[in-house]
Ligand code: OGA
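Next up is one chain by itself, shown in structure tokens, the form predicted on its own.
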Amino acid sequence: MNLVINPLKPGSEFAAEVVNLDLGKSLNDADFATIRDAFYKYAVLVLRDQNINDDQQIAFSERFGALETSLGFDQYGGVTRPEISRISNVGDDNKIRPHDHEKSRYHRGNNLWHSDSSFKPIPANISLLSGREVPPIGGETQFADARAAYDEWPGSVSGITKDDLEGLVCEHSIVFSRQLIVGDIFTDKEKRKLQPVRQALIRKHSETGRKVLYLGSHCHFVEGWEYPKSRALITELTSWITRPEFVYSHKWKPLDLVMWDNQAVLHRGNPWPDEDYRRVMHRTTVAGQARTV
């Protein structure tokens, strides 16, 4: 293949598209190395026109490492492989679900800036999302470069410096983050399985060595700080990371496969008229190897 890597955000090394690639065919080691190098350079890659099935998506994803298995909540609509998470407004009956359906409410948590699986003791490394069906309007996925945001952060308006952030630990919880947008949706049994976890506020990338601000909606508070001060810092840092100069907004085309580096970016999904248009996305997630704390 004659792979072409095109940057998507002028003036920065953040987000690029890969063309002349067909993941339905075997991928040689040299082309995979090109994709891997581009991925760790740009942190977000858009692979165009990938008419692939779940097995093919899993096979490509596994070249980056072992995969997480999906939460049972994401297994529906004919998905049979535990490595696949289905994110969709289309139910088992192949019809669009009501806006207030429990699965639709759960997935609305994706509208908040977050890093996938930061609520797990060992957070995810890479997410790969296949756009099997995409709406004609809305539904964009936005990505924020937490590497550049760390590099350029001037310090807090309250006087906190970058050095002050070193060694700080935050509690992350999906129960907390879902309450921010859809209320208390988990059962007591689910809450016992989804206990809060500890994550470093400054994370060092396992491949590149670059430091990032590791936050997102699952990030609840800073250990050892008074709660109001803690929430103020998290809010300020999240606002900084998601400034326009650090953000790439992806408008989906059918059969796009978008992959992003959870060690380097925050992301969120924009809403769309979800009772009018179908959206079917299948995600694989490459597991992390170590705790951040």
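Source: prediction; values computed, not measured. When you see a residue number, it is the position in the sequence shown, counting from 1.
Beyond the structure shown, there is the form predicted in complex with ligand OGA, which is absent from this document and is the topic of what follows.
*Asks:* Does ligand OGA get within 4.5 angstroms of any non-hydrogen atom of Lys9 in the predicted bound form?
*Replies:* No, no contact at 4.5 Å.
*Asks:* Taking heavy atoms only, is Glu133 within 4.5 angstroms of ligand OGA in the predicted bound form?
*Replies:* No - in the predicted bound form, heavy atoms of Glu133 and ligand OGA never come within 4.5 Å of each other.
*Asks:* Any chance Thr141 has a heavy atom within 4.5 Å of ligand OGA in the predicted bound form?
*Replies:* Contact check for Thr141: yes, within 4.5 Å of ligand OGA in the predicted bound form.
*Asks:* Applying a 4.5 Å heavy atom distance criterion, does Ser177 contact ligand OGA in the predicted bound form?
*Replies:* Result no; Ser177 lies far from ligand OGA in the predicted bound form.
*Asks:* Pick from 106-114, 182-190, 216-224, 160-168: which stretch has non-hydrogen atoms within 4.5 Å of ligand OGA in the predicted bound form?
*Replies:* That would be stretch 106-114.
*Asks:* Using heavy atoms only and a 4.5 Å cut-off, determine which of Ile202, Ile122, Leu194, Ile87 is in contact with ligand OGA in the predicted bound form.
*Replies:* Flagged contact: Ile87.
*Asks:* Taking Gly24, Phe39 and Arg48 together, does each of them reach ligand OGA in the predicted bound form with some heavy atom inside 4.5 Å?
*Replies:* Checking in the predicted bound form: none of Gly24, Phe39 and Arg48 is within 4.5 Å of ligand OGA.
*Asks:* Sequence order please: the residues of 31-49 with a heavy atom within 4.5 Å of ligand OGA in the predicted bound form.
*Replies:* Sequence-ordered list is empty.
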